[in-house]
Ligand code: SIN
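Only one chain is included here, represented as structure tokens and corresponding to the form predicted on its own.
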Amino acid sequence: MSGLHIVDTTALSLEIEPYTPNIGAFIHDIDLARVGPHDALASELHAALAQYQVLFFRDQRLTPEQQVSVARIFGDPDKAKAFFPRLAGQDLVEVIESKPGGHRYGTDQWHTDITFSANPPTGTVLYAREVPALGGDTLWTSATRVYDALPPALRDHLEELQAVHSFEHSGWPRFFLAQRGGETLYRQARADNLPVVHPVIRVHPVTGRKLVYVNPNFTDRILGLTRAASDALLGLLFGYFQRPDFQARLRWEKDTVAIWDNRATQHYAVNDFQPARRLMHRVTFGEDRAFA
């Protein structure tokens, strides 16, 4: 595979169970609340995340402060955030709540978080506080595996291209406009989040692997192409991300934690559980530069 850099996890003391052949792993017999950012085990978790791209942990008990500490294992939780409500008393924790009569966030489409930012977050710690009895799964798909699957000629073509990522292309404008005073909120958010340009092909700074860096939620168009040609090429690429071969699907349980690499993956939150309630606490983390 082109640009394949494997992190050696054979020497790790973590109990790792690969979840699919291409993406994801369960980490067993670990209490994340007891792992500090500077512990030896933290470096093993960092290596495992680079290898498997999304890690799953069952039966965790995290206070908001402990969840932030877990995020610090992988990066800086003070970096880019979305527009979700923040937890009272812990501003670094975003609250994603689905309930009857509540806002529908539109995360039920493939996306990489906050790519409308010039420096998107590099990953996320998502903690299930309340889950429906059925449904509400989340899927992840591997952007590096998608790159590996592309025909070589298409890879070479994509290397020369850049894409516009836009806050306005997503569902966030509807979120603001649905609120009281929403027009003012929307105009401010738009002014604070002007469109940005990212290369279509990026190199992961930890593994050295190439990946496809476009997503349906935030990628508006490819520069230098007509709208029709851009839509056709993006549609082709998005189709690769939808292949089950490159995906992992998690059925949530209360107190499950998922940690994913936001550079190397896309994810999709299935919205099949309404009107049941679903409550998640999210902490994104980043670096001064997501890519070198």
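Quick caveat, the model's predicted, so the values are computed rather than measured. Numbers follow the displayed sequence, beginning with 1.
Unshown form predicted together with this ligand; subsequent notes refer to it.
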{"item": "Non-hydrogen atom contact residue 260 with this ligand in the model of the complex at 4.5 angstroms", "value": "yes"}
{"item": "Touches this ligand in the model of the complex: residue 111 (any heavy atom, 4.5 Å)", "value": "yes"}
{"item": "Partner contact for residue 138 in the model of the complex: this ligand, 4.5 angstroms, heavy atom", "value": "yes"}
{"item": "Touches this ligand in the model of the complex: residue 107 (any heavy atom, 4.5 Å)", "value": "yes"}
{"item": "Residue (of 131, 126, 80, 200) lying close to this ligand in the model of the complex, criterion heavy atoms within 4.5 Å", "value": "126"}
{"item": "Contacting member of 238, 246, 56, 252, with respect to this ligand in the model of the complex [4.5 Å, heavy atom]", "value": "252"}
{"item": "Contact segment among 35-43, 64-72, 252-260, 227-235, judged by heavy atoms lying within 4.5 Å of this ligand in the model of the complex", "value": "252-260"}
{"item": "Contacts with this ligand in the model of the complex - residues in 269-292 whose heavy atoms fall within 4.5 Å", "value": "269, 278, 280, 282"}
